[in-house]
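In what follows, one protein chain appears twice in different forms, each by itself as structure tokens: structure 1 and structure 2.
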Structure 1
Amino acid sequence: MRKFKEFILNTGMRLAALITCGLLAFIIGNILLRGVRYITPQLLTTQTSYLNDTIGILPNILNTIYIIIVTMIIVLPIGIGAAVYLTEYASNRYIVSIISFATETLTGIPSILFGLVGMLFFTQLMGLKQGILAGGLTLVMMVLPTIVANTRESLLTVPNSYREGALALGSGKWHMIRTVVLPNALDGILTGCILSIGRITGESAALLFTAGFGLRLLSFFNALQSSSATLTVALYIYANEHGNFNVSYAIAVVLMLITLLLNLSAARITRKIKDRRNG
């Protein structure tokens, strides 16, 4: 009986692991199978035309890039600033725990609620039109915890001797942070960036009502204030509303490639940081 139970559990474990990997293989395989053949130069470099009855996702690719730029430009200073405050300046334990609590809470909030609040706050209250700017600001809230956490971890790996050395030489605190601590923490900041960009690329629910559904090709400044769909939202539109699964699969392939690349780079850099910490 004991041996039997053991056998069941052992097989169960291996089966479970197999199923997990199998699911991944299936999802990726299915997407590649059904999507790669629809990735044409035309799809990637033109915009959808009703006159010519063609489909192009260039506007969506650009919109994704635009929103990454807007979000990162805003969230990096704030996030790094917050992490610096938490590790270098904060003396009051109470404030630190409040900020940590707030940051943790932000990670747990689902993206649809960010989208709702983003819509209320940025498009209704502040009067911004639906577009990349409103979408980007909404994503800033979502991505802030990631930047703060990663930067903070990286700042903590900078040896205190560096800080003490700089201060001993007469440097002010801000000067020390700027010249000694931050440059040595760049790896962690970079990881945070990459993880955030990964999250931004894959985000959809938060952008539906803040960045909109527009499929036209726009310049950067126009896209800020005009309804602009990113790749994920475009995938949703083409699949759900147009029923054009071929295009959706093609977009899925593009998204997967980007996500894969980002994940692998983030993992590589994290490993380098770990080695540096241990070595």
Structure 2
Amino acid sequence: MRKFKEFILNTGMRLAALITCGLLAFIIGNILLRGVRYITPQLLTTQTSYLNDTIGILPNILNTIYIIIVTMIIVLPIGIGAAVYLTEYASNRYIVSIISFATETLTGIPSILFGLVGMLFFTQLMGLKQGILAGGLTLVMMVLPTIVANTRESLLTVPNSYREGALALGSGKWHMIRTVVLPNALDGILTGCILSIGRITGESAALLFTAGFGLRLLSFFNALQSSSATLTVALYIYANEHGNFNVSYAIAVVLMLITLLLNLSAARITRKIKDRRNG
């Protein structure tokens, strides 16, 4: 009877894994099958022109990179600083529980609500125009819980003996955190960065109200205060408003490639850090 139960359990787990992999393969295969054929050099290196009747997504690729840079520059100091405070400095459990509850609550808020709040606060109250800056500040609120949670978990995995050894050698607390704790928690911090970049790249609902629908090719500083559509917003525009699903699938392929390259780069950096630490 026990062997039969184990057989049923193993079969069920294998079936669940097979279904999960099958769904992933189906989605990726469908996107590649319908989108690769429409990826051309003109699509990737030009901008959309209604006068010339051409479609290009170069501005959207650049806007996606711009918003990743702006968001990560702002959210990393805040997220890592909050995690260090909660882990290394905060002694009042009540305060820690309140901050932890706040970050967990932010995780469960729908992205469309972040977009509405970002539009009301950043564009109307603060007077920012629709653009990369307003969109990036909105995304900061969205990915902040991910950075804080992953950094906290990484800091908690660092053995206390490392801290005690550094303090016993005369190191100050901040010096100990900067030179001992954070380097040993770098793997988890990078994991949080990867997850955050993935969410930034795939976000559209919050950016519709804050970053805008602009398809023009702009420099980084001009895009900060000008309507600038990222790849996901452009996908929505071409699919929903223009009805051009061929371009939409091509954009989906580009999004998958960008996400894959970012993950591979982060994995390579993590591996180098581990090799340097072990060596």
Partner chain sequence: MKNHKGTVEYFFRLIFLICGIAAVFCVLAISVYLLISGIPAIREIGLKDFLFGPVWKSERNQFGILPFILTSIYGTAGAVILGVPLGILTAVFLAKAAPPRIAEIIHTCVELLAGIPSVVYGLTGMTVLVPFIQKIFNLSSGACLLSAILVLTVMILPYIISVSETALRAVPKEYEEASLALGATKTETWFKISIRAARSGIIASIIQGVGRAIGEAMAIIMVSGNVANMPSIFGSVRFLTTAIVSEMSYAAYGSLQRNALFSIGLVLFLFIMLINGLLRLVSERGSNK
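Note that the structure is a prediction, hence the values are computed from the model and not measured. Along the sequence of structure 1, residues get numbers from 1 upward. Each form is matched to the other, and the largest set of C-alpha atoms that superpose within 1.5 Å is called the rigid core.
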query: Panel number for the form predicted in complex with its partner chain; finding: 1
query: Displaced residue check between structure 1 and structure 2: Ile27, CA, 2 Å or over, core reference; finding: yes
query: Value in Å for the CA shift of Asn10 between structure 1 and structure 2, taken after the core is superposed; finding: 10.5
query: Angstrom shift of the Cα atom of Thr259 between structure 1 and structure 2 (superposition on rigid core); finding: 3.6
